[in-house]
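Okay, here we've got a single chain as structure tokens, the form predicted alone, with questions on binding and movement later.
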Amino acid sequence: MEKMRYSQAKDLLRSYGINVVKSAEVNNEEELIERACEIGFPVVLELDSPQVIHKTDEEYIKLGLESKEELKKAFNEMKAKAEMEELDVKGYIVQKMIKGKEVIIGGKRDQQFGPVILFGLGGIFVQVYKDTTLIVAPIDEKEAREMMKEIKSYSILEGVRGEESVNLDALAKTIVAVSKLMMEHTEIKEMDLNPVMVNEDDAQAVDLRVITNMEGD
């Protein structure tokens, strides 16, 4: 089993029409600042390491960095922490900070059923509310819509208390694309897009985790 590099996962997802937030993988402070300026502040900084599973819990993600100074400080703190813990650091990811509702879209290869697709409320709420649903792939957009309606918090996506509905079409298309990807890439054992940030305009994957068996099935 092997965790796919962020840059590889991003390219793979985009080849299936899955939108990934504007981002770059960097290795040093100079490159970090340069790419952050190209992306535009505010930004998010993350560590890319196969040893780090829950970046928020382990403090390997910094949100809403508004300036070069804040970004430099966050980078140096994160780098020092990773060195102290002797982590296998593949790089650092800088992303555009975007707003929206957080959902999770994932896939896992079950020995009996094959690829199974997961959808639900995302971000830190996955473990708290466990508001998710599963369906066996392949699925079409109609099935993706039905899947979305199965979670208890669907009304949040539709818009409550005067809020705009998120782009449900974009969300359904993303779920279908994940289903297709899992069907066509048998070397992928599991994947999590958590969160996928969805608003009235679009759905964009923010954090990517793709686990492969390099030998395939």
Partner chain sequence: MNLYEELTPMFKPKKVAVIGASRKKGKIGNSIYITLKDSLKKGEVHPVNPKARKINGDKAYNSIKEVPGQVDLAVVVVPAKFVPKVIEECGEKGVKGAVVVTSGFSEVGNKELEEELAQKAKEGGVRIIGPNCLGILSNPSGLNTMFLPREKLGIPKEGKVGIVSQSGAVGSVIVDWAAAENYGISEFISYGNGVDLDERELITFLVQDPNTDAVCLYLEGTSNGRELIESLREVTPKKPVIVLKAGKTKQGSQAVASHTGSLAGSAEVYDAVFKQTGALQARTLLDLLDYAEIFEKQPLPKGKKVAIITNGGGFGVLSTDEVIRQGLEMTEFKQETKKKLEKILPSYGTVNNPLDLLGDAGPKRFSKALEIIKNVDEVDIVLCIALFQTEPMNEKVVESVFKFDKESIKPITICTAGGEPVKKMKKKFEDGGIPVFNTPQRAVDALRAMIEYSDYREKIK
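Numbering follows the first chain given and starts at 1. Note that the structure is predicted; figures quoted are calculated from it, not measured.
The form predicted in complex with its partner chain is left out here; the points below concern that form.
Using a 4.5 angstroms limit between non-hydrogen atoms, Leu87 is distant from its partner chain in the predicted bound form.
The closest non-hydrogen atom of Met191 lies within 4.5 Å of its partner chain in the predicted bound form. Shown alone here, Lys108 lies within 4.5 Å of its partner chain in the predicted bound form, counting heavy atoms only. For the chain shown alone, Pro138 is a contact residue for its partner chain in the predicted bound form, at least one non-hydrogen atom being within 4.5 angstroms. The partner is absent here, but in the predicted bound form a heavy atom of Glu150, alone among Glu58, Glu70, Glu150, Glu31, sits within 4.5 Å of its partner chain. Taking its partner chain as it sits in the predicted bound form, the stretch 106-120 comes within 4.5 angstroms of it through a non-hydrogen atom at Gly106, Gly107, Lys108, Asp110, Gln111, Gln112, Phe113, Gly114, Pro115, Val116, Leu118.
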